[in-house]
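What follows is one chain in structure tokens, specifically the form predicted alone.
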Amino acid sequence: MNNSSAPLILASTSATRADMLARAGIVAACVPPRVDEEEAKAALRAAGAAPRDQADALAEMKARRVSARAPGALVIGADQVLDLDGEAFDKPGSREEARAQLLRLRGARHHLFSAAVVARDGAPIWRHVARATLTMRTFSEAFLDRYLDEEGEAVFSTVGGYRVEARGVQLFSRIEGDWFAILGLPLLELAAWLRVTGALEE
């Protein structure tokens, strides 16, 4: 339950993040941040920002944008970036792109950086970036094509083209890190901070 007098807002259109909060009993309205993520990512990468810093900056951008329109509210911005040897991956835009990404990830270890930033009145007041490490097994191309057939358009919804909470778990030989961060939101750290501020019960 959210006991704070300040409303809580999730600056996101992510059904997964909204569901995570709802299942945890954290009541938050969902408001689209309306930021040009592609332009922002291009600018960050042109400036040489590391994948971790890209996730943090994008989360802050979303939180700030919605917070400026919602005086007094606690606004949560979140973003996730996949890091393969320093290269950031985006959500695939087509089956061919998803297949190419998964072939590059096959047999390799990569990191997921999940950032959350809370803003109030247009300024960030809390932030956290969690890192998870995932190792893909050396699957066959026949398995990959069957996986893509079964997942369909779902592969376009996540960086790397996989959902570890669904069939995507079969792509991996090892997963290390906080489960919620892997899904895209460092929920334990966020909930702990909300309790400290009085937005959640101690």
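The model shown is predicted, which means the values in this text are computed figures rather than measured ones. Numbering starts at 1 and follows the sequence shown.
Below: the form predicted in complex with a further copy of the same chain, not depicted.
Participant: Within a 4.5 Å heavy atom cut-off, is F180 in contact with a further copy of the same chain in the predicted complex?
Facilitator: F180 belongs to the contact set for a further copy of the same chain.
Participant: With the cut-off set at 4.5 Å between non-hydrogen atoms, does A18 touch a further copy of the same chain in the predicted complex?
Facilitator: No, A18 sits far enough from a further copy of the same chain in the predicted complex that none of its heavy atoms falls within 4.5 Å.
Participant: Using heavy atoms and a 4.5 Å limit, would one call A57 a contact residue for a further copy of the same chain in the predicted complex?
Facilitator: The answer is no: A57 has no heavy atom within 4.5 Å of a further copy of the same chain.
Participant: At the 4.5 Å heavy atom threshold, is L200 in contact with a further copy of the same chain in the predicted complex?
Facilitator: The answer is yes: L200 has a heavy atom within 4.5 Å of a further copy of the same chain.
Participant: Determine which one of 58 to 66, 154 to 162, 141 to 149, 40 to 48 lies within 4.5 Å of a further copy of the same chain in the predicted complex, judging by heavy atom distances; exactly one does.
Facilitator: Checking each option against the 4.5 Å cut-off leaves 141 to 149.
Participant: Using a 4.5 Å cut-off on heavy atoms, which residues of 107 to 136 contact a further copy of the same chain in the predicted complex?
Facilitator: Stretch hits: zero.
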